[in-house]
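Just the one chain here, the form predicted on its own, laid out as structure tokens.
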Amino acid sequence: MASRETPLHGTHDDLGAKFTDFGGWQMPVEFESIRVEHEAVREEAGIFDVSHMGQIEVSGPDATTLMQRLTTNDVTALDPGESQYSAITREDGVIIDDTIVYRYPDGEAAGATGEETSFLFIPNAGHDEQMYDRWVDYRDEAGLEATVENTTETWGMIAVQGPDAPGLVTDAVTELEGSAPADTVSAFSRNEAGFGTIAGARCFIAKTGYTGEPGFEVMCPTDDAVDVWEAFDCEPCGLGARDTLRIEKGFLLSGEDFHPEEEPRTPFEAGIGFAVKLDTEFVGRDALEAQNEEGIDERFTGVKLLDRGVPRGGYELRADGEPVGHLTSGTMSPTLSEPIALGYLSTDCEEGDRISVVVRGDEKRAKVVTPPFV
């Protein structure tokens, strides 16, 4: 099957991007260089095409119930214009995907009628069809009244991240819906979102991101994606920098740090137990309640290599010569110029403990570090 292309593919090609397949999408992995793009985000600002992320919109009388049953956080805590991080789990508590759930203004979701409660959630790249089917199947089996629409092909999605990002977004937004002046977008609290106008296009603007820096994610109609991209004068960045930035902050990546078959992990093992509300009823709740009472054997944490080398996913971790876990992600940190990694380690190991990483058969000295690294 041919890879999907975002509405910005031609723009990236004109900028000389190198492409890679990611989740079934042709995505830019770098433009100038990963290091230059990484440093731009840490020190000034960078812009990413994240249109490969899925968009599923849910509305209707039972929309809240449907979202509550299929995500681990408590969607009833959201007011319109708020969002929350959450996980989607199987009956055994294993993470299928992680996501951001937005409570849209009422009546905003595709297919909503009148002022129906509306949600948008963002599956990872290539997961949109799977999540659409999961929501529709559960809705039908439970006899819930809700509309589910896969709007991934409707929206382009752009992330502007870095210390200068709030100023860039403030300059680009010409109107905010509601009574607030356009320039108050920079005062959005973390995870706040709303509709506004950028480059003449009606956009959904959220103070969210994946780099650990201040920033916004902007969803815009696909036909307007190029104009919205060009409204921001900052470093174009690819998936390479996005990966090094998120590793430095210890953020999970679907498919590497968890995978329902190849790296099956629960939210407690993956370090996102804060997104699990056991006082709600969701698929996987009973298994997670049991694990919460019994405890876990391994936890997601950071490792810093003390010897020369670059740690990679799959490398074994040892303590006193005995296996104690393995890595799932690793890189040479552009900020620290040190080799850092993420992975699952026995809960018997603690912050600061000396362990080793097995690199091509050789044990390299390392120590346990609780992320973020920077």
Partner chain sequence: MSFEIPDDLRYRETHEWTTTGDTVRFGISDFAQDELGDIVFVELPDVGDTVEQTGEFGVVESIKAVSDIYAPVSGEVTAVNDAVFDKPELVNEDPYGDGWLIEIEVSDEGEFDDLLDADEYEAQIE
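None of the values given here were measured: they were computed from a predicted structure. Numbering follows the first chain given and starts at 1.
Form predicted in complex with its partner chain: not shown, discussed below.
Of the residues given (S254, S118, T244, T147), T244 alone sits with a heavy atom within 4.5 Å of its partner chain in the model of the complex. Heavy atoms of T65 never reach within 4.5 Å of its partner chain in the model of the complex, leaving it off the interface. When contacts are judged by a 4.5 Å heavy atom cut-off, S33 counts as touching its partner chain in the model of the complex. Shown alone here, A319 lies farther than 4.5 Å from its partner chain in the model of the complex, counting heavy atoms only.
Using a 4.5 angstroms threshold between heavy atoms, R354 stays clear of its partner chain in the model of the complex. The stretch from 321 to 329, 342 to 350, 306 to 314, 48 to 56 that comes within 4.5 Å of its partner chain in the model of the complex, counting heavy atoms only, is 306 to 314.
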